[in-house]
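Taking the form predicted alone, here's one chain by itself in structure tokens.
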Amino acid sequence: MSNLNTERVLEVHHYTDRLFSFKTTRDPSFRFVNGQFTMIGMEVEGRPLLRAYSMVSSNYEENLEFFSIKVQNGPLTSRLQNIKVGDSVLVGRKPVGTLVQDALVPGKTLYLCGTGTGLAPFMSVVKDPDVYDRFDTVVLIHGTRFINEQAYGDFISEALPNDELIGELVRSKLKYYPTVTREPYIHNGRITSLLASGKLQADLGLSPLDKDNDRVMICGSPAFLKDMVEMLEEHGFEEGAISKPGHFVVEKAFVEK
């Protein structure tokens, strides 16, 4: 398993019966770009069982953090959800992914749109000082079914604005918009509907979507990705990549298993 590091679990947090996060040690040689993912997993019957997970932690942080769903019959998450402090997990040494800033042409406002555990890569991005240098406004949108699935909400609203390194940038440039679909909340509705109608932008004092100024990163369920891409393309947005930057990027490889 020369392409894997073995890391030690430092902390586990269970948000609901479906969601949990955990922190691990970080090998000093492990380098990544904020927004990327890597393969993580456990050794099962002498072989590594791996799935793709985005880093919640930013690339300058000492430890690694991951955000996961629990699938009771899932080959990996049925085991991973039971990890405890001191246990070992496998972390791939080759991070990859499309949710990187260099895949976007310059713009003024960056929309980070995630559903469920699709929030994970954007937690890494909003802790990145570079994103605030590149954009005038950064909008973090997290869509879930229920309020208790709004993981990291307190961290985003309270801890991040007071962070010693980037707190001032966060307070002046980050706009956080949590929304749920199945119970009353400060914001209700699907991300695509809120963006398409302009309600989300109006709530935040922003202009309607405009490919000349707005850039978008997308991560979440397959249906959400499909709807977002269709909506953006209808507005003239073009998908980007490192080889050819564009107006939006979407992570198609993220697997919630």
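Numbering starts at 1 and runs along the sequence shown. Every value quoted in this text rests on a predicted model; they were computed, and no experiment measured them.
If you look for the form predicted together with a small molecule, you will not find it shown, but the lines that follow are about it.
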- Query: Since the chain is shown here on its own, which stretch among 175-183, 75-83, 94-102, 128-136 would lie within 4.5 Å of the small molecule in the predicted bound form, judged by heavy atoms?
  - Reply: 175-183
- Message: Under a 4.5 angstroms heavy atom criterion, identify the one residue in 57, 36, 192, 68 near the small molecule in the predicted bound form.
- Response: 192
- Message: Please tell me whether any heavy atom belonging to residue 109 falls inside 4.5 Å of a heavy atom of the small molecule, as the geometry stands in the predicted bound form.
- Response: no
- If you check in the predicted bound form, is residue 224 within 4.5 Å of the small molecule, heavy atoms only? yes
- Query: How about residue 143: is it within 4.5 Å of the small molecule in the predicted bound form, going by heavy atoms?
  - Reply: yes
